[in-house]
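Shown below, as structure tokens, is a lone chain in the form predicted on its own; questions about how it binds or moves come after it.
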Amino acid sequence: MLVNAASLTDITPDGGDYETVRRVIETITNDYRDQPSLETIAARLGQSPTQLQKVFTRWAGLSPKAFLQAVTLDHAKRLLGQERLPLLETALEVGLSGPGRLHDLFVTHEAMSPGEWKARGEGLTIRYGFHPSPFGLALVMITERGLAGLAFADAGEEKPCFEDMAGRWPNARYVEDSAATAPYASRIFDPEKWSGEQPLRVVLIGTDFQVRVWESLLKIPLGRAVTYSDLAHDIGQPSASRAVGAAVGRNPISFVVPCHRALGKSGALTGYHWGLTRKRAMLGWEAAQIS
């Protein structure tokens, strides 16, 4: 049964819900072995247990206690250990059916040509806007061909977030246009709008190697995780795990191209460009969709 996560109307424009959720996740992560109670967490955040439970459950679809189990390192290791399957076999085993699976979004993608990549965005017009999301403010960037960038920022960090993304295609023309990007944000973060009847078009702007890695990431089903080594094998370069890790870190379309589902060799939640806490939040939010 699909658990309804917070709708965009439940998320305050200044990212207030996510800030609370972020602090809860940090507390849970840092004190995992102590299994902190709801009362303990609420006291540390200066909130009432009732209000904290309400905000967190509205955001994630499950309680802080249940969320703890979904985002711990042991959970990630189980995905790779007890249920270990090769990447392609995992994708086939899960299939495209069932509510809440990212494949139901039916992302269609195309890659820009090597020449377009080398031009570093020259001739491209990229429209962008910041929108509330379950993971803080989302920077959505689009071209006439589809979604080209998705990044995240906490309140007050919009400028460095934009500069980070714009630096990837420095010769492009950037136009702030929230009206144009809003429909993308609405579709991306609302599971009820994940439909193969209206596929989300994505354009991958990177080197040939990076694009191959990002295409491999798109095969990872929601609720699953793979290692960099798995990805390296999938693209036919089993000795390139380190290079694969670098390509994963340069993925410009976070969440939709699910680099947060790529883990270290031991199953550990390795670094994430937009913050390790946000990576844990994404894995837990996705776990809520299929629970």
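Residue numbers here begin at 1 and follow the sequence given. Here the structure is a predicted model, which is why all the values come from computation and not from measurement.
Not pictured, yet referred to below: the form predicted together with the DNA.
Q: Between K54, K265, K65, R44, only one gets a heavy atom within 4.5 angstroms of the DNA in the model of the complex; which residue is that?
A: Contact with the DNA in the model of the complex is made by K265 alone.
Q: So which of R173, K193, R145, R120 reaches within 4.5 angstroms of the DNA in the model of the complex, heavy atom to heavy atom?
A: Here the answer is residue option R120.
Q: Specify the contacting stretch among 147-155, 208-216, 179-187, 126-134, defined as having any heavy atom within 4.5 Å of the DNA in the model of the complex.
A: Contact criterion met by 208-216 only.
Q: For the three residues T227, A243 and T270, verify that every one has a non-hydrogen atom within 4.5 Å of the DNA in the model of the complex; reply yes or no.
A: Every listed residue reaches the DNA in the model of the complex, so yes.
Q: Would you classify S239 as touching the DNA in the model of the complex, given a 4.5 Å non-hydrogen atom cut-off?
A: Heavy-atom contact with the DNA at 4.5 Å: present for S239.
Q: With the cut-off set at 4.5 Å between non-hydrogen atoms, does G249 touch the DNA in the model of the complex?
A: G249: yes, in contact with the DNA in the model of the complex.
Q: Please check if R280 has a heavy atom lying within 4.5 Å of any heavy atom of the DNA in the model of the complex.
A: R280: no contact with the DNA in the model of the complex.
Q: Is there a non-hydrogen atom of A60 within 4.5 angstroms of a non-hydrogen atom of the DNA in the model of the complex?
A: Although the DNA is absent here, A60 would stay clear of it in the model of the complex, with no heavy atoms inside 4.5 Å.
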